[in-house]
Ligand SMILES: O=P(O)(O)OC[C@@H](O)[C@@H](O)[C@H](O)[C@H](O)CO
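Only one chain is shown below, in structure tokens, and it's the form predicted on its own.
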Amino acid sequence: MESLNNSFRKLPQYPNKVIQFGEGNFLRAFIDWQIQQMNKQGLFKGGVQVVQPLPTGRVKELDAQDDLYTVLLEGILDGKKVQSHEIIESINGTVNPYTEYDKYMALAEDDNIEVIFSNTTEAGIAFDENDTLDKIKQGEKSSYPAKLTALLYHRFELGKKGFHIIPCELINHNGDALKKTILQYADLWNLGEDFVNWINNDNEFYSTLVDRIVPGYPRDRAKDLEAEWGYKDQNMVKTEPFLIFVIEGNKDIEKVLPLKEAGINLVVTDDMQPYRNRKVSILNGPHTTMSPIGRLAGLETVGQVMADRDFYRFIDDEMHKEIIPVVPLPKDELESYAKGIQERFENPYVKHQLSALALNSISKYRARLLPNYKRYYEKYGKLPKRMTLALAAYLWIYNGKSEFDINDTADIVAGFEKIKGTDDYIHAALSNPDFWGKDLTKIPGLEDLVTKYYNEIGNKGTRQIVQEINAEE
């Protein structure tokens, strides 16, 4: 059986229009898949040059298959089962800037390239004062913004137009953060006021919200899939059919990237925060609730939670009774989004582990549930029981009352170690602003209800508490 190679291409190899920092599963199943959809309809007619952001990466594996790979779509979309696969032909080539600096700089010389995408993890957009232009030229490890600044400076020196720069890292205001970091390097390296003006006036920076669950390489089925498809593919990537791409910034980007015309779920807006709040509240919020409560009841995956009568009702009620009423967006839009989220939670092809959702649980609760917790209390004058049970369950686990390991940041782990097993453990945990950003005991009744649920977890278990809350309403 032969590996994927150029003989499998069906589309023309279009000129480069995109630089992409990152060769991981997400960008290949999200950005490159979308470019494929535009190219199939003759709307974009552009290819991608992938830049490897770290000294180690997968560009060699991509090149071994002439940069082709398969995207496997599996899941439920609009109530219908989706199972399909497609060879993605968007990538024209790859560049390793650590070993191919001249080839990397040549990207700045290409007048056809208009757009830069990136996904270098949340830690990727960071400033390091030790980064220098010489280090980048010599192939030493450097940050993504530093490498991008070097590329932009070469583009500027050539007197060429700027780029549309669209980061996909999962941090709020990612476009603003990237631009700020680039300007820090411009100052550190004394690149001059003219370059700073060129960055500000000739380039468009966009902030984004990206949403698509990408489990990645389907290791357990890869051999069977290759036998079915008739070729080898070491870079295949599995993803759900749903996606949404929210871009904040100049609406001219719709002309540069005609994604809407290609049928892609793109939103270009002046303010992406309502969409971010929607995702964080309705997708991430229930994830954060079900993780401790479900695990304490012996459930292991999101799918098991949604297949369980008690827990499905509990999560459904949290969405519709505690979260949607307090998220500042039109109700019909939120209800429609929630329906899609439930389909994604129930996706039989994705085994999303509750243990994976438990990473950095305290900061997740603070970011994903606490804002709506406060909104709910302010609107109704009472406490949201489901979010409160989740809080009690986290405190139970972080007090060493379960067999689960605590996987959190060093400062959070250290903070809980100081109070673990103490008589005033619950008060000490809830009143610590380092955990939650404020003293939660100031919310009337919260400490009493958390204490009640905490004690009941030990006496009854989370399933019985879930059943009792379900029966109350």
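Bear in mind that the values here come from a model prediction, so they are computed numbers and not experimental data. One-based numbering along the sequence shown.
Below, we refer to the form predicted together with this ligand, which is not included among the displayed structures.
Taking the partner from elsewhere, no residue among R278, E322 and K374 has a non-hydrogen atom within 4.5 angstroms of this ligand in the predicted bound form. Of the candidate stretches 269-277, 282-290, 219-227, 67-75, only 282-290 has residues whose heavy atoms lie within 4.5 Å of this ligand in the predicted bound form. Only one of L170, A106, A307, L158 comes within 4.5 Å of this ligand in the predicted bound form through a heavy atom, and that residue is L170. Exactly one listed residue, out of H352, R366, K385, K135, brings a non-hydrogen atom to within 4.5 Å of this ligand in the predicted bound form: H352. Although the partner is absent from this view, R212 contacts this ligand in the predicted bound form, with a non-hydrogen atom inside 4.5 angstroms. Taking non-hydrogen atoms only, I113 never approaches this ligand to within 4.5 angstroms in the predicted bound form. Contact annotation for L152: none of its heavy atoms lies within 4.5 Å of this ligand in the predicted bound form. Although the partner is absent here, A390 sits far enough away that none of its heavy atoms falls within 4.5 Å of this ligand in the predicted bound form.
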